[in-house]
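The chain below stands alone and is given in structure tokens; this is the form predicted alone.
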Amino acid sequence: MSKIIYLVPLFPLIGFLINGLGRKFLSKPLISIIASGAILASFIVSVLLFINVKNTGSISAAYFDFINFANVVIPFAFQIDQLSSLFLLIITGIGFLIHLYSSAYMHEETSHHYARYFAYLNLFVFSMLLLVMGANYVIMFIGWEGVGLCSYLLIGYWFKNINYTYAAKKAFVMNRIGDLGFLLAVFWLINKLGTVAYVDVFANVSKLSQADITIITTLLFIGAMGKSAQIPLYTWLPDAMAGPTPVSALIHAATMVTAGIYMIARSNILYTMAPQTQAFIAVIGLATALFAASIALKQDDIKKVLAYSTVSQLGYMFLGLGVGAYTGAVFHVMTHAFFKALLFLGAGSVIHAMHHEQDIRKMGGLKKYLPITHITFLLGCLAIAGVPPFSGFFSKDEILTAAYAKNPLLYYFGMAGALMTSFYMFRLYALTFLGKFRGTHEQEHHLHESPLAMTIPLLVLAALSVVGGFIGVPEVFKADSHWLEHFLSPIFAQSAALTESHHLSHSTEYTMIGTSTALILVTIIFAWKKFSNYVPNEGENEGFNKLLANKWYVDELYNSIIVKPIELFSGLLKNVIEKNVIDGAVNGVGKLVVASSRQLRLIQNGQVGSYILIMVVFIIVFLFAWINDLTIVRFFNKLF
């Protein structure tokens, strides 16, 4: 099986090259077949690798020395184990459905731009595959930077809109801030251990001092904060909605934003040995979950609600990592990939039917016009709200249970975030699908269900959102039933050996599950009744609601304390240093040369007598200099 590992990233790379180079010649059907077929081929190989890993254990393949300098050898190598094989299925499986969906959603684009879109999409998947398949931190970093570049290209896909290009630039810059932390951590590992290979680092982690481990894990987490949109580096993610809706689904569901979770889960032993960093991660994750959920309560753009929901759910994943529930965090990555991709693609179906309208206040009553989109979107809302037996219930319950075992306060705050999730998701659902249609008569006249290429992915993802959680049924329901925990146990074995397990009694777990489920259902019913017959009100976004609607004015704060001072300082450098000093020096040299040349040219006057005079004068000067030079040499010879 090691001989076919390279095929997984190779197929998307080939798709990128064919569509990228042939964008002016290929037809739309052929473009979509090439792009989608490449991801499907990767998915098939990923399934074979997953089965092999499940049966025989991890496999690896090294191809060449990527870096070989002094005592540092970093090979270009892939490692397929339980964690990476699971992520391969998520990336290629969800990625294929998004590619299929895109073939219909982007049909209005010209062939040239259609090919450009699918080329970027294939390159994005290739980079993400490289990230999770790498056998060392350097290969991971290559993929890490690749998804950052591709997100810039895809978010700014409609580059003629200046706001979209600004959003793409914002995502790129904020990710670079986090990437610097990741890069410093890699250098630190090389300096201390002389290697960045996972096998070698984790085997020799005991050679690192506590200070080194804390610094390395903190730097890696800074990288994760940027890529996975945690406070304070989260503001790029909602703005990433500028890209096409399938791009939002790909970035927010199965790929880029989960890279930070993967990286910390991969480095679990380092974090288990750094309790201070773990506590920091738990606090940041919980704060992000609550903060983003509060903003989502009052957003009116259908994609912005889902964007802040993604930030909030990522916060839950980091909460799980922070309390040592590594399996729970990975489990939530998987279930979140199902229901969040479903919700984004469902939103795309609504936007497609509404002729690019995204304001949910101008929707309503779409239930009868979009029956498939409606039922699948409802299932996605139930899953993300954590209603049993949908997938989100199992993964979120595992994280909250671990949080309670660590510190009950973490659980109570986490539960508050879960209730906010239920409220804003069913506010979104009710405003979109229930009540009367609030759009224009022309929009209502053209409302229709999306084509099969868009509804088939919705149905598949809806099915996964319903049943996907059963691979992680808590022991309180059925002994020894958590298949995912057993499957991932080799990855987290070192951490498990160092961690004292805190199992809650079954009665406590039953009480927590019953209470949380009851509260979530009450919240859903409240939101359903409150917004099912919504009537726009001009004063609804006043006071505290205005603060939430304007996202706590964080972007404005960043502009005031970071962007504007940098712009002022840059303006100072440009207007004072550049113009007066740098340009002044360069221009001064040029003016000096011109002025001196203007005077020297007067010597060339055609008068032979003048030329002879100048020649005699310079002969005398040279003779005088030569005599003095001899005198100085004799003086120093006598002196020494």
Partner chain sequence: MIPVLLIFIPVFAGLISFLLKNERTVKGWALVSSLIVLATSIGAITTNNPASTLFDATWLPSLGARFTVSLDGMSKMLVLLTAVAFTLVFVATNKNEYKHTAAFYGLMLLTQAGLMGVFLATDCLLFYFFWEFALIPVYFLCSIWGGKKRIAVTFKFFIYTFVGSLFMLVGILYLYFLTPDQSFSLNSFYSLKLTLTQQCNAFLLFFIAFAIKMPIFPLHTWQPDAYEQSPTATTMILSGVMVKMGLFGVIKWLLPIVPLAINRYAMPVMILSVIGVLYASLIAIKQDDVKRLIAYSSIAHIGLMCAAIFSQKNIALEGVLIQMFNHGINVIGLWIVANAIEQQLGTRKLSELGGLAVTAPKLAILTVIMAFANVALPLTNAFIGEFLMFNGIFQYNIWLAAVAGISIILAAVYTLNMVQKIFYGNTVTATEKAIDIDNNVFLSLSITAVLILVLGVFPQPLIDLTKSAVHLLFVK
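A quick note: this is a predicted structure, and the numbers were derived from the prediction, not measured. Residue numbers count along the first chain shown, from 1.
There is also a form predicted in complex with its partner chain; it is not shown, and the following applies to it.
The listed set Ile375, Leu183, Ile213, Leu233 contains one residue whose heavy atoms approach its partner chain in the predicted complex to within 4.5 Å, identified as Leu183. Contact with its partner chain in the predicted complex, defined as a heavy atom within 4.5 Å, holds for exactly one of Phe291, Phe437, Phe141, Tyr404, namely Phe141. The closest heavy atom approach of His445 to its partner chain in the predicted complex falls outside 4.5 Å. For Thr165, a non-hydrogen atom is located within 4.5 Å of its partner chain in the predicted complex, even though that partner is not displayed. Shown alone here, Ile74 lies within 4.5 Å of its partner chain in the predicted complex, counting heavy atoms only. Looking at Phe159, you'd find a heavy atom of it within 4.5 angstroms of its partner chain in the predicted complex. Only one of 145 to 153, 245 to 253, 418 to 426, 515 to 523 places residue heavy atoms within 4.5 angstroms of its partner chain in the predicted complex, namely 145 to 153. Contacts between 170 to 185 and its partner chain, taken as any heavy atom within 4.5 Å in the predicted complex, involve Phe172, Val173, Arg176, Ile177, Leu180, Leu183, Leu184.
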